Ligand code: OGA
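Let's start with one chain on its own, the form predicted on its own, as structure tokens.
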Amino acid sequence: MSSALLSSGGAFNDALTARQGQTPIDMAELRRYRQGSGAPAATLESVTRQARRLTLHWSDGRTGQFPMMWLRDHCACDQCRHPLTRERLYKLLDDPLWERFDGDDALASFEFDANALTLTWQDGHVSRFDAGWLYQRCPGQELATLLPTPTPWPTHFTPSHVSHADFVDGSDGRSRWANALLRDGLVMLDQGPCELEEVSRIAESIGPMRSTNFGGRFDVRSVPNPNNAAYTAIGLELHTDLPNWRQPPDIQLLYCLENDAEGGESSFADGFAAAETLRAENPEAFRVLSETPIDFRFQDDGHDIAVREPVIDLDGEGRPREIRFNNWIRDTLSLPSDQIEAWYDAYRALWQILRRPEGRVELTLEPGQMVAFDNRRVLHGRNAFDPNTGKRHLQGTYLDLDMLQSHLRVLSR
């Protein structure tokens, strides 16, 4: 339909309803964006041209204003997007029409129906858009991420459990596991085999293992001459791993192979929930821990890894984004003397909240059971154990959050 037929009304759109089953226009991405594929059932009803934009109206009442330069930049034809890699080829800097987008003469004409919008530019280039794709990307509308929103734990939180068989055998179990991990920061995998390297196989089904100075996969058990408190039998206070790195590991997997020793119970706490409790109870302590960088450092014969960051890192909207809490590798507190007492007071206030029993998950890992948690959000620890009463052997590794999110997006498709 040309711009001259914009007011043709409902009869035209009714005639197009029968064509709802037509093949969607390929917008050079794998995400679903058409009716019957998770997208809203609204269809494109009318288009209004203005000097620098097109206003689109859908059958459910939504209206979206699309600047001409945005539409040209998002053309998905093979000249503008690589047909195999789907990467953008269009270069706005080299477009001779770019200066004309500020006026009314960059676009020569347009057509639309219930499912598509076709634009012809003054240089003769043709851009076709699927109406469902445009509906999802209406400027000002938040695009669904396909990912769960991280949710602070309520008091007496209980983690979700997924069986190893469900995780391995089907996408539903794996999707439930990944959703729980991204939402809660903690999830359990039950009844797996007691086999060496099973944790590596699970990790690699999602993405490459994240290597650190402890290797790609590590064994948690008591050893002679340890270079880390985890390799002793002592109790471990709640902490996050490797806060001395600029980019600490995101997701930690701990797989239990043996656990016959007395003691060694695992504990977890939601650092985001603790930070929000601190903000509510002691705003000044929250401010100090979120605004004051301190030093974290790990040293052994072959490594000396250090960084200076705050205990609570906030995103652009002031929400907790990362917690760095590890009393063992907190380095010398190098602050001006008039800030030291306030920092210690704030640190103690957060630590006291983390020790509250109603905010902690306490459990005993069983052989064949794996716990996965967000290391930059959820703190973990354990009680001391007696290595003379039995063996305790966990294998662990790390995953990048990007790979976990990617895996869930693929499963959601």
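Heads up: residue numbers just count along the shown sequence, starting at 1. Every value quoted in this text rests on a predicted model; they were computed, and no experiment measured them.
Below, we turn to the form predicted together with N-oxalylglycine (OGA), even though it does not appear here.
You can rule out all but one of 69 to 77, 237 to 245, 154 to 162, 120 to 128: in the predicted bound form, only 237 to 245 has residues with a heavy atom within 4.5 Å of N-oxalylglycine (OGA).
Proximity to N-oxalylglycine (OGA) in the predicted bound form, taken as a non-hydrogen atom within 4.5 angstroms, holds for one residue of Arg360, His57, His380, Arg53, which is His380. When N-oxalylglycine (OGA) is considered in the predicted bound form, only one residue from Phe218, Tyr90, Phe110, Trp343 comes within 4.5 Å through any heavy atom, namely Phe218. Contact check for Ile294: every heavy atom lies farther than 4.5 Å from N-oxalylglycine (OGA) in the predicted bound form.
In the predicted bound form, at least one heavy atom of Leu254 sits within 4.5 Å of a heavy atom of N-oxalylglycine (OGA). When contacts are judged by a 4.5 Å heavy atom cut-off, Leu394 counts as touching N-oxalylglycine (OGA) in the predicted bound form.
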